[in-house]
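Next up: just one chain, as structure tokens, the form predicted alone.
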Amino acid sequence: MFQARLPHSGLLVRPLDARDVDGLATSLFSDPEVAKTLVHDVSTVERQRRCAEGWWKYGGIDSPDSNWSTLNIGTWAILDDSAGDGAPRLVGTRGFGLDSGLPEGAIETYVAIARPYWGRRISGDSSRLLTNYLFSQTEADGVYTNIWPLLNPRSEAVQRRLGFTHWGRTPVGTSHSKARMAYIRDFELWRADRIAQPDGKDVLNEVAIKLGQLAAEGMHGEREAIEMLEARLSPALRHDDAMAQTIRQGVADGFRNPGWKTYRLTRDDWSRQVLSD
């Protein structure tokens, strides 16, 4: 079984398996700051567990229904085994799979990293390592990644450094069902429920942008998005002019930026990059 170490962090990378379900639930899906970039509603412990089991089923190497059986690649666990106790802790994942919103033959990659491990070059290092594995083991024409516009500029910068180029916009609705898009909306409204102070403006702005993007794809109206968010805030915050303006501006910004920004790295681009290194 292929496994390797990431060069800067020294973390272990190996195919995801059933042992990792608990780590997915507790290290990744339980943190709203990590889960906000994923396409799930993980607002309860039960949903966190269900989504973790779903990720294993979709991409675990020992799952009978996973991508390994059809694509020869799936989801990878990123593990910290520095404690030396024989019980490595899952601190991230990088997955590869099909996306109906992308061209035929395209493989999408996605990553989630536990917050204490941010800033350790894990996203870029795991992308390089596993993209090389992907192109050596499959006939994929290119690797694509979807990023929420306006919300994740650091991720966009990482993709450009890795050689990905902006390919275009991919509507969320071409990749996911209405039910799955409703999970996004419900999770974002849950995040709004948790805002207790005016210093939660940054979270409110993120939530408003997401709901504006979904409004542009027909999940609800633009005005309805504003009303849903206003209803979730406490009365004191609801009547705070700065918070009200954050909602209106965020929804408007999101409405003008529907779908994901999609970046692509082709096999030819990768070959040229490898030769130049």
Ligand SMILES: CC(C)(COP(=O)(O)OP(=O)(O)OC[C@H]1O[C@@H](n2cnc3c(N)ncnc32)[C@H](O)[C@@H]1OP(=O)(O)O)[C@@H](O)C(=O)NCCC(=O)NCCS
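Note that residue numbering begins at 1 and tracks the sequence as displayed. Not measured: the values here are computed from a predicted model.
What follows is about the form predicted together with the named molecule, which we do not show.
Interface residue remark: L98 is not counted as part of the site for the named molecule in the predicted complex, having no heavy atom within 4.5 Å.
Proximity of G86 to the named molecule in the predicted complex: non-hydrogen atoms within 4.5 Å are absent; the residue sits far from the partner. Residue contact with the named molecule in the predicted complex: G142 places no heavy atom within 4.5 Å of it. The named molecule is not shown here, and in the predicted complex it never comes within 4.5 Å of any heavy atom of G200.
Interface residue among H166, R120, R194, R180 relative to the named molecule in the predicted complex, by the heavy atom within 4.5 Å criterion: R120. When you look in the predicted complex, the only residue of I147, L189, L90, L130 with a non-hydrogen atom within 4.5 Å of the named molecule is I147. Comparing 201-209, 167-175, 151-159, 99-107 against the named molecule in the predicted complex, the single stretch with non-hydrogen atoms within 4.5 angstroms of it is 151-159.
Annotation for 14-37: interface residues with the named molecule in the predicted complex are E33, V34, T37 [heavy atom within 4.5 Å].
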